[in-house]
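Just the one chain here, the form predicted alone, laid out as structure tokens.
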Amino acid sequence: MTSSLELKGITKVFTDRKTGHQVRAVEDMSFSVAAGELVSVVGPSGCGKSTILNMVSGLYAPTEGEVLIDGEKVVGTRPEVGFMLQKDLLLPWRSIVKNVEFGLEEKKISKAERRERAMLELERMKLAEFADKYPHQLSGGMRQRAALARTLVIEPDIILLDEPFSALDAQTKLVLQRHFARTIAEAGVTCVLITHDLNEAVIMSDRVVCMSGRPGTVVDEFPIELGNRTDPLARSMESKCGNYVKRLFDLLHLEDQAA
């Protein structure tokens, strides 16, 4: 069952234990993500984008405000939330299928079912023939697809994405963006995407949230009214795409001037 997400008045302050120095990463930040929606969050470097994901995932709590999943306050990590990072973080000593099975090992399911579910995800990612290979034997794009399979095999309701395509070359990035868009649409997963790539934010998303410089807060958010979200490349060809990218660029440029 797909979940909704809401951040209500979130403030996060980090305190250095030795010096007592405080840094306000985000301040009074609020936005929501509907069930099945993909929302991108963009903003200047250091504005607290990754901090938001860490609070949503339950890795640490906000100083003020609350994060809600389906109206329930997040007070720790939750099995229905998946996390995908810029680095694939595959375990080098495990085969690809064993890496995909990793997230299932804490669940009370048999080895046979773990293997079956892992292989189904690898088939969806067109990686079944590489199941017994090791991460160093795969290309960067293939490893990211394996990381996506590992994320999806646990059947998350929400996926948090922290620059997952930024380390890829341009061609591989386009292929993986399209593959990811189709896969999550089929699964009906709710997603929050952190990215510095303004074009990516537009072509991947239902809506974009733009943050200020630190302490980060929402300065604008708007829907992306383009065609089918499952085809980012086709979206990038639409005339309105450039207008959305320019809107984001202008917002971030104003933030740079204000800093």
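In this text, the rigid core denotes the largest set of C-alpha atoms whose superposition between the two forms falls within 1.5 Å. Numbers follow the displayed sequence, beginning with 1. All values reported here derive from a predicted model rather than from experimental measurement.
Keep in mind that the form predicted in complex with a small molecule is missing from the display, and what follows is about it.
**Study point:** Contact assignment for the small molecule in the predicted bound form, among Pro44, Gly65, Gly58, Gly36, heavy atom within 4.5 Å
**Key:** Contact residue from the list: Pro44.
Check your understanding: If you check in the predicted bound form, is Thr51 within 4.5 Å of the small molecule, heavy atoms only?
Key -> Contact with the small molecule, yes.
Check your understanding: So, in the predicted bound form, is Leu248 in contact with the small molecule at a 4.5 angstroms heavy atom limit?
Key -> No, no contact at 4.5 Å.
Check your understanding: Can any non-hydrogen atom of Arg207 be found within 4.5 angstroms of the small molecule in the predicted bound form?
Key -> Looking in the predicted bound form, residue contacts with the small molecule do not include Arg207, since no heavy atom lies within 4.5 Å.
Review point. Arg229: heavy atom within 4.5 Å of the small molecule in the predicted bound form?
Key: Contact with the small molecule, no.
Review point. Taking the rigid core as the frame, does Thr19 move its C-alpha by 2 Å or more between this form and the one not shown?
Key: Comparing the forms between this form and the one not shown, which are aligned on their rigid core, Thr19 does shift its C-alpha by 2 Å or more.
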